[in-house]
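Presented as structure tokens, the chain that follows is alone, the form predicted alone.
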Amino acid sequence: MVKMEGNNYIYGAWERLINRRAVTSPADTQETLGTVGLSDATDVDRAVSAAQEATRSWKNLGGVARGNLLYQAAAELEGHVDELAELAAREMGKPIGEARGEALRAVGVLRYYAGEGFRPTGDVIPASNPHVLQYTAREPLGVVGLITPWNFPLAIPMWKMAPALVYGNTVVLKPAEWSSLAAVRMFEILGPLFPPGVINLVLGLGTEAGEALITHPLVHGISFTGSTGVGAHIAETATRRNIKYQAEMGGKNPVIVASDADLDLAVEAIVSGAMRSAGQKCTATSRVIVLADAHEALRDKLANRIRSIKQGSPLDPDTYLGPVVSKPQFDKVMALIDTGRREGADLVVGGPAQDSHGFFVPPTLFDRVAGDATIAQEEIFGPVVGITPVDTVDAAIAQANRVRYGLSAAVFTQNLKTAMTFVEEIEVGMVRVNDETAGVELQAPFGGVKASSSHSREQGRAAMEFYTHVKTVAIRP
């Protein structure tokens, strides 16, 4: 693989950055993939100014023309799916099959929002004067700043960029430090399709580049996905500036397994939700709350299935579980596994990591995890899942709700009453019955409650609510 050099893309041109860091593969730290530059506030200011300069012409282009451009972008990106998937697998360790699915998801997002350019965005409203035409129109915010995480380096930037663009905004994207090369390659592919200034890319650390973006006076909206602490800071900053913001943050997602559940179905969903992408999803399954009479059977089936998982190179098509993204992430997950053991949970599967040149966390299963244990309360973001047995469905739902997060949850049952009780009482933004907690279809709203999300939703038509504001018009001849 040719080593890449990641730089900023501003007003249709690449700008080389002086301060740089090397990018190595999390599966083999002896493999250098390239370098990425580190921006400062001056670089961010140039990018925002470029986006501001393009706002009027991009807005005036109209929704249909913008939608057609997104259709072209989807076709162009589709021709590079395999290349992008390999880069994402090398850079952040996601198994190649999942990485290819993510690249195709980015293509699908572009196609979906391309269609939004042809759909109505307002309403005609009756007026008390029958000769007055009254209606609403949707206006773009202007320049929006997009701050994206490393766990979905292709899909999340696209599900923020595509709706922002089709509704008439210009964008400045700051990807996470650990997955910047994937964003660079997407901009190399898509940049020539858009007028200068419409899409801009700045690389760097959140402490400087990110802060400069969220505080810039010409930025009128911030869409962020990442940690709860940073999300809270962005919310505070945006509120003080009186601009729109959305923050998608952490999750501590439970699966409830009822006594009548199909255990084989539940096991496959739990393992997929907990172990794919090495558990590095905000919607990953982290807790299994099981009724006592199904506890031992479920535990044994889960343990056997987890022991069968193939862990290895993300480029191997047969790999189910790759490495975590970085040394800091590896250290965090291993420390939490040690905490789980010290706090009294039974370690069923897992153990010390093997010495290697990669950040491979063993797939780990804990049993009899206390409801207030650290690993039952804190987001791990690794291939770790814990079982907590309870006596009743009501106790299971109460335990599921006893965390500060509220993103995704699932129940496995064949009883309609149990399913509906769960749907009505669980405190999350996304609910599944007999399916895994991880993921959501691109045409459906994505987001949670409590400390998981801010007040708005991403994806689907819900994105229009964030990326536009309403203008009410009354015309009297």
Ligand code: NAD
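Note that the coordinates shown come from a computational prediction; the quantities given were computed from them, not determined experimentally. The first residue of the sequence shown is number 1, and the count goes up from there.
The same protein also has a form predicted together with this ligand, omitted here; what follows describes it.
When contacts are judged by a 4.5 Å heavy atom cut-off, residue 314 does not count as touching this ligand in the model of the complex. Taking the partner from elsewhere, residue 207 is found to have a heavy atom lying within 4.5 Å of this ligand in the model of the complex. Mapping the unseen interface onto this chain, residue 187 falls outside it, with no heavy atom inside 4.5 Å of this ligand in the model of the complex. Using a 4.5 angstroms threshold between heavy atoms, residue 227 counts as touching this ligand in the model of the complex.
This chain lacks the partner; the member of 367, 98, 177, 116 within 4.5 angstroms of this ligand in the model of the complex by a non-hydrogen atom is 177. This chain is displayed alone, yet in the model of the complex one of 286, 246, 277, 148 has a heavy atom within 4.5 Å of this ligand; that residue is 148. Here the chain stands alone, but in the model of the complex its contact with this ligand, taken as any heavy atom within 4.5 Å, falls in 149 to 157 among 345 to 353, 260 to 268, 164 to 172, 149 to 157.
Residue 407 is the sole member of 403 to 429 found to place a heavy atom within 4.5 Å of this ligand in the model of the complex.
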